[in-house]
Each structure stands twice: as structure tokens, then as C-alpha cells.
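There is one chain below, alone, in C-alpha cells, taken in the form predicted on its own.
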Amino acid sequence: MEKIFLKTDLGKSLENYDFPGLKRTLNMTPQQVISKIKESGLRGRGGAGFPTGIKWETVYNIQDEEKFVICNADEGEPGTFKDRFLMENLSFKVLEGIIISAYATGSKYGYIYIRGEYVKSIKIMRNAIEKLYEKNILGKNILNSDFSFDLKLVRGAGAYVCGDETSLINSIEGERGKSRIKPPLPVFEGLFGKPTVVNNVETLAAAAEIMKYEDNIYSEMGTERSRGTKLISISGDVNKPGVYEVEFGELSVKEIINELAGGVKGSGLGFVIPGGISTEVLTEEEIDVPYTYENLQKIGSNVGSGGMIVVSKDRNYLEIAKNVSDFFRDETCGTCFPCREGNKNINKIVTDIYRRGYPTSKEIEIISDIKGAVSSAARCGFGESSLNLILSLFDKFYNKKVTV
């Protein structure tokens, strides 16, 4: 069954929400807030899984009059819609997390960058920001404290690559959305060259919920390396698609599909994409695995964005591989030559495979080689992960069948 933590205040409105996490935060020092987030074990929920408290502490320790916080709401990973769920149902908790992050890091200004296609989310968040200014929860001397913070909403233009934090920063600055060379990391030189924390929507909402309680109950949930809960958006061939909250380690991928999402439709399970199309597929024999970062990594996949897509045996797997390849060919920003040309060449190979109806062992070998080159040379996670699904699909379902 679901573990309700982040969804605790589902059903409340901004008008009857009391911002308990923010009120508790304003009675603590920034160091105490950072310590609590570090102790909670909260990791970034956008896909990378970096410890949130360490990111906040790094920016806090930098002496600079101007620092920024950015909420990354450019949720473009196919199959992922849990951030949209939070913005449309718990907008106040997302904003509370942004303000808490700003207080902890010493930032006076912030942005929330929302995917352009999320028209409803943008409308809700824009209205919520206006109301928070009216309620003195944004602006000068928030809740009569010494802390002031201003927040601006930016609508993205629909580029997948802007889910990468440096591409997103370029976009806010008015530049083309393309990745930057790292180092320097954004925590040192981010927006307008200033120290910048970029956190995902779910990460910030979880931080607000963590700060609500005197005890650190988040640290008591999950496993040692996967603390707390995770929102999973399940879609594809399941009977009850939706957004579900699970405690790490308490359910297997199989139980999530069968018990929460109502089981597989059609002729049975083909494979599962556990965390968006940047993650490796899992076969039916692999899904009886606890849902944690460490257990999924142990079998060669990842929690990723939490966008779980279930595919039945009735689907054409090669058509899915072509769709994924089309997506990455079209969405690469083109800055890194191996990513741009690699995904273009992979797309030609995958299109040939789709038309023929099977891959050859030589084609799988070439795709593997190109994956190595793209992963090694890419600046951002796009290039590092763009071939994970395709190669794992060919490896698990076709590699043993072809010897050409």
C-alpha cells in the first residue's frame, strides 16, 4: 500500500494551509536547517539523486551578496508527471520548499522554471505566488522575520534539455537552452555567475514536509542509502495509472505494478521502464526487486525520475525503440558533437532495425560502441543516458537470438 508522507496535505488549499515547515524554519538558524536536511538523507528527486543537504551547505558556505535558488519544474522525461501532480495539487508545499531552501542558503531571489506545455500548472503556480505575496509569505520580512525573498515564474519553451540544470540556467538568462561545461558547478557559478541551488519540485516539497516536524521522521523511513518516500508516476499497460507514493524498500517493482497500479493489461508483462526513458528496462524476471536506488542499480537500472512505464507483451518492442531514438535525435541540443551525431547515427540504425524486424549482433555492437563515446564526451546527463533504454532492450530481448 501507499506510504503517505508527501501527500499528507492533499485536499487542502492554499487558504487553509498554515506553512508549518516554513514557520519552524524561521525559528532556526540556516545551519540548523541544513543539518536537519542532511540528517534526513533526502536526495534529489529529479534523477541524479545528489544529497540535497550537501548542495544547500555548499551554497550557504560561499560568501556572496547575491545567491539564487531555482526550482526545476521542467519535467520533460516521457512517462514522468509526478511534479505536475505536486504543482497542481500541492502548490503551497512546493513554494514552501523553495522559500525554505532560500532561507537555508542565504538567497534573496529565486525562480521556478516550469515546462511550457504545463499550462494548468503554470496558471496554478502563478496564482499561488501572487497570493503568497499578499499573505506576506513572499517578499520583504516574510512572516515578520528578518528574511526577505522574491520569486519569479519562468515558462520554458518545451526543450527537453532544459531539464539539465545548466541548460535551464542559460534559458533563464535569455540564452539558448544548451548545457555548460562543468566545472564550475552551478553551486559555485550558476545563474548570472552567482552561487545557485537548483532543486527538483519533489525535492523541495519533501524538504518542506521534513521541516514540518520537530523530529526527523524522514530519516526513519526507507533504507540506509534510500531514505524516505518517492512519488512514482505509473503509465502504460496498467489498469490504474497514476501517481503513487511509496516508502523506499517496502515494496518491490512487481508489487508496485500489481498492488498499486492494478496489474498489467493485455497478454502479460513484456518489460518495465522503471524511471523514465533514460533508464534501462527490466524484464519480468528482474522486477521482484525492492524499489530503492541501490537495488535497482545492482541490476543495472535506476530510479531515475520516477516515471515508471509498463509495457505488455502485445507491444512492438522495436517500434518503442524507434520512438525513443526519434525523441533523443530530436531533443539533443547539439552542443556536444558525439551526442548530436551519435544519436543521429543511432536513429538511422534503429530505423533500419525496425523496418527489418530484428537487429544484427553487429548493429548491437556498434550501438554499444557509440554509447560509450557519447557517454564519455557529453556535458550533461542527456548524452550519458540517451542510449540506456535502447541498448538494454536489444541486449535483454534480442542479443541471444541473433548471430549475424
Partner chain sequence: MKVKINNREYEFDKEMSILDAVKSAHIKIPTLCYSEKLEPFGSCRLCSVEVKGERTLKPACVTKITDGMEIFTHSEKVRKTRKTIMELIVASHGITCNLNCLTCSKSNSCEIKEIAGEIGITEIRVPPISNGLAEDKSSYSIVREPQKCIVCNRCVRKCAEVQSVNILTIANRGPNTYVTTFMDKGMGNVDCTNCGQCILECPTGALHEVYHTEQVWNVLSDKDKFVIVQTAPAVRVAIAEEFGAEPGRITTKQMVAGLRLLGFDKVFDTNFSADLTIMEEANEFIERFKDGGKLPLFTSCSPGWIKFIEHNYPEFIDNLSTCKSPQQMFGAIAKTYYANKIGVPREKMVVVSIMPCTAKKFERVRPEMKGDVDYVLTTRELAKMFKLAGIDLLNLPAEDYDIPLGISSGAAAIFGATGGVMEAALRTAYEAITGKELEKLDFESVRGIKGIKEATIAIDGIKVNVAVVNGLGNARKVLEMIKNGEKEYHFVEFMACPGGCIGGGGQPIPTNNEILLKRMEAIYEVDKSLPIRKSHENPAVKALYEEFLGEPLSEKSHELLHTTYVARS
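The model shown is predicted, which means the values in this text are computed figures rather than measured ones. Positions refer to the first chain, counted from 1.
The discussion below concerns the form predicted in complex with the partner chain, not included here.
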* Asked: Which one, 237-245, 171-179, 207-215, 265-273, holds residues whose non-hydrogen atoms are within 4.5 Å of the partner chain in the predicted bound form?
  -> 171-179
* Although the partner chain is absent from this view, report whether residue 369 comes within 4.5 Å of it in the predicted bound form, heavy atoms only. => yes
* **4.5 angstroms heavy atom contact with the partner chain in the predicted bound form for residue 378** => yes
* Asked: Does residue 321 make contact with the partner chain in the predicted bound form, using a 4.5 Å heavy atom cut-off?
  -> no
* Hey, in the predicted bound form, does residue 349 get a heavy atom within 4.5 angstroms of the partner chain? -> yes
* So which of 360, 345, 61, 35 reaches within 4.5 angstroms of the partner chain in the predicted bound form, heavy atom to heavy atom? -> 345
* For the stretch 330-347, which residues lie within 4.5 Å of the partner chain in the predicted bound form by non-hydrogen atom distance? -> 330, 331, 332, 333, 334, 335, 336, 337, 338, 340, 341, 342, 344, 345
